[in-house]
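Form predicted alone, single chain, as structure tokens, below.
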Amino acid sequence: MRWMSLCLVALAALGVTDSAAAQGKRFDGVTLRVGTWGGTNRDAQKETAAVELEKLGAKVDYVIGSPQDNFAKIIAARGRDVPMDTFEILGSMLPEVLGRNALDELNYANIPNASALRSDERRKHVVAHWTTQEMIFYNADKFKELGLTPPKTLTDLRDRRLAGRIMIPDITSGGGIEGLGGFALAAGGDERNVEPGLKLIKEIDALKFWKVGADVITGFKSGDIWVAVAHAGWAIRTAYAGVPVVTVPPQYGQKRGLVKEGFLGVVRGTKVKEAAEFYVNTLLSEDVQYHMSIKTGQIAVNPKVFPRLATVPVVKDLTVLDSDKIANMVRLDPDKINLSQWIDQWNRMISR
């Protein structure tokens, strides 16, 4: 397809022009351990940030796991050598991660690319790395064939004609917190009262749940699924798999769309802090942010990338690339989320 050819050309031309290599730094003999997901996310980082650090003599190893799993490894290692030097952190995890004093203070002199970010994305111990846009997306051909009205809100998923053809995130999945939070907001609740959202989920007929995003792609490809709730990156990967999907940022009152934020922190006790900050800085460069957005569907936090992404087929069609619209999307307040309570309520109302 032409859009795939354009993506490949763009990636082949990748070059991290604002690398610290220009400053004469070397990291000979250093091994940096990065905690991140496996698969496409790890591969995209290996092709970009790892390459730049390795040019300066270092080696990059990846500790594969969810942010929750990797944080548990860090906590379990207290008093011993840290199991990783930098790792991905979900925004919803920040109160606990910061509360446990698990991160070192960032030296932003070593992370100049962070200057392009909003002030709330540049914090004392963490810096934003990506966002995801939590969407409803649907098979456009199937909706046209059956004369179905495209959904605008999560409440529209109660349409009986969609029974058995909808997939939403399980509470234990990477999209589970934002998924349940979104349903709660759509049903008149909030982070402290998710029961309306759980009741809304119960009202959707023959619902299916995904635990890994690949389940969504498989469901669309097989024809079992016509509609999903997941971040736009999974819509992009579904489109890459040949399914004609359309994304809809759900309506929440006066706001459209819900953002999940991902951060990076440097683990307290690491012996290679400067290398970790170099790696973080490279991930925030325009070229790497562009590459990651195309390959993973995570949305760049460096706004300088948006004009370039707006020229990329599929990506420009399935994501929101207007900074003002992104700023106006819903962000759940992690300080109001009692995750253990959410999981308990989910298990009592949904899983039983």
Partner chain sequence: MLWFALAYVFLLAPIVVVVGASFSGADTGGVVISYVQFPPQRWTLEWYARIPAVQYEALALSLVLGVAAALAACAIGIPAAFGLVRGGLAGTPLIAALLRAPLQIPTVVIGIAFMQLYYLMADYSRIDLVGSFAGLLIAHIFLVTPFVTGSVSAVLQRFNVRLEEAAVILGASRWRTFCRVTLPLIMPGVYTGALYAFVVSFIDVPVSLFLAAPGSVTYPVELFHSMEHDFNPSALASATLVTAFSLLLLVGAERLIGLNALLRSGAA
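Take the two forms, find the largest set of C-alpha atoms that superpose within 1.5 Å, and that set is the rigid core. Numbering follows the first chain given and starts at 1. Values in this document were obtained by computation on a predicted structure and should not be read as measured data.
We do not show the form predicted together with the partner chain, though everything after this point is about it.
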Exactly one stretch in 36-44, 299-307, 282-290, 49-57 has heavy atoms within 4.5 Å of the partner chain in the predicted complex; which is it?
36-44
Quick one: of L146, L98, A163, A77, which gets a non-hydrogen atom within 4.5 angstroms of the partner chain in the predicted complex?
A77
Taking the partner chain as it sits in the predicted complex, is Y108 near enough to touch it, meaning that at least one heavy atom pair lies within 4.5 angstroms?
no
Any chance V30 has a heavy atom within 4.5 Å of the partner chain in the predicted complex?
no
How about I64: is it within 4.5 Å of the partner chain in the predicted complex, going by heavy atoms?
yes
Classify D120 as contacting or not contacting the partner chain in the predicted complex by the rule of any non-hydrogen atom within 4.5 angstroms, answering yes or no.
no
Heavy atom distance at most 4.5 Å to the partner chain in the predicted complex, all of D69, K73 and T218:
yes
Enumerate the residues of 237-273 that have a non-hydrogen atom within 4.5 Å of the partner chain in the predicted complex, in sequence order, or give none.
R237, Y240, A241
Did F220 shift 2 Å or more between this form and the one not shown, C-alpha, core superposed:
yes
